[in-house]
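Okay, so here's just one chain, in structure tokens, the form predicted on its own.
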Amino acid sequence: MLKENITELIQFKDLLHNLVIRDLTVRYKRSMLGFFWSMLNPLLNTIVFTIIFSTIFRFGVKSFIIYFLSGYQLWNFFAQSTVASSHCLLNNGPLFKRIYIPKAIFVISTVISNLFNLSLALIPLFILLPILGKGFHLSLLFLPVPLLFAVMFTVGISFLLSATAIFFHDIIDMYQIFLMPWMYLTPIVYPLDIVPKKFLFVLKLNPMFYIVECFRWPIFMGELPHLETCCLALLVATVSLLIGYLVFTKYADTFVYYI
């Protein structure tokens, strides 16, 4: 089954390419700044969070801007991808009701287009890194690994959300409400050492904790993340992808009856 689905995606690679281009075009169609907005938006958020958390609350984090951006950029990729994926099947229902198209291609194209946005959003971070951070280290060569974990986890959650939204439309709004507390349960805007030890287990139940830490460590600390963190990040990414894929493929043939 998995082999057949991969073969189908390869056969429809031209459609996948066109869907990614369409997603990017629609997103920036009416934006004067176009693709530059992907770089400007996180910088504006960084200014706000820096003023609030680094100045007002005075969190003792050196290079707070690098600390924040290295976590927030990855979180933003995950959040935007999953929110867009939650309604991608509903939006494209009229298309795959007329002709046969692998349903998974709509989820994959959504994640790829947001991966492109992430690549643009990382440019300001790497410009600021030698100025405000620890500079460029060989540890940065490790970044494709946690990025792969993030993509796997994101695709898994996206599969699950898009399939569930077909039968239960309210999941889209419920998920967007859930995203905000989820972000604050991930140490993105605050350092881990301010969390009381008795509450650390709550953060460590959060799968995004391990993925963000894996991604942030080479950038912020200039070192490789701990092996245990990497193993747990791989575990949650694999479990997410597996569960999402199984749920999606189980109900994929019935989607047309509910749109």
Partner chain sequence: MNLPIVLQDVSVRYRLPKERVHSFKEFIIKSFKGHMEYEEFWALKNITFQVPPGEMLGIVGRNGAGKSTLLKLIARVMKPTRGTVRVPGKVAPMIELGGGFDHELSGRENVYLLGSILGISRREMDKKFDAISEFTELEDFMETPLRAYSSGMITRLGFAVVIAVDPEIMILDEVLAVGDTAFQEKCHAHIAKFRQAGGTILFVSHSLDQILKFCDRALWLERGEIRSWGDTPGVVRQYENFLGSVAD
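Residue numbers count along the first chain shown, from 1. Because the structure is predicted, anything quoted here is derived from the model rather than measured.
The discussion below concerns the form predicted together with the partner chain, not included here.
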item: Exercise: K250 in contact with the partner chain in the predicted bound form, heavy atom 4.5 Å; value: no
item: 4.5 Å heavy atom contact, F12 to the partner chain in the predicted bound form; value: yes
item: Any non-hydrogen atom of V256 within 4.5 angstroms of the partner chain in the predicted bound form; value: yes
item: Any non-hydrogen atom of I101 within 4.5 angstroms of the partner chain in the predicted bound form; value: yes
item: Option touching the partner chain, based on a heavy atom within 4.5 Å in the predicted bound form, out of Y175, W182, F96, W75; value: F96
item: Within 4.5 Å of the partner chain in the predicted bound form, all of Q80, H87 and L234 (non-hydrogen atom); value: no
item: Residue stretch of 124 to 132, 107 to 115, 165 to 173, 146 to 154 approaching the partner chain in the predicted bound form, non-hydrogen atom distance within 4.5 Å; value: 165 to 173
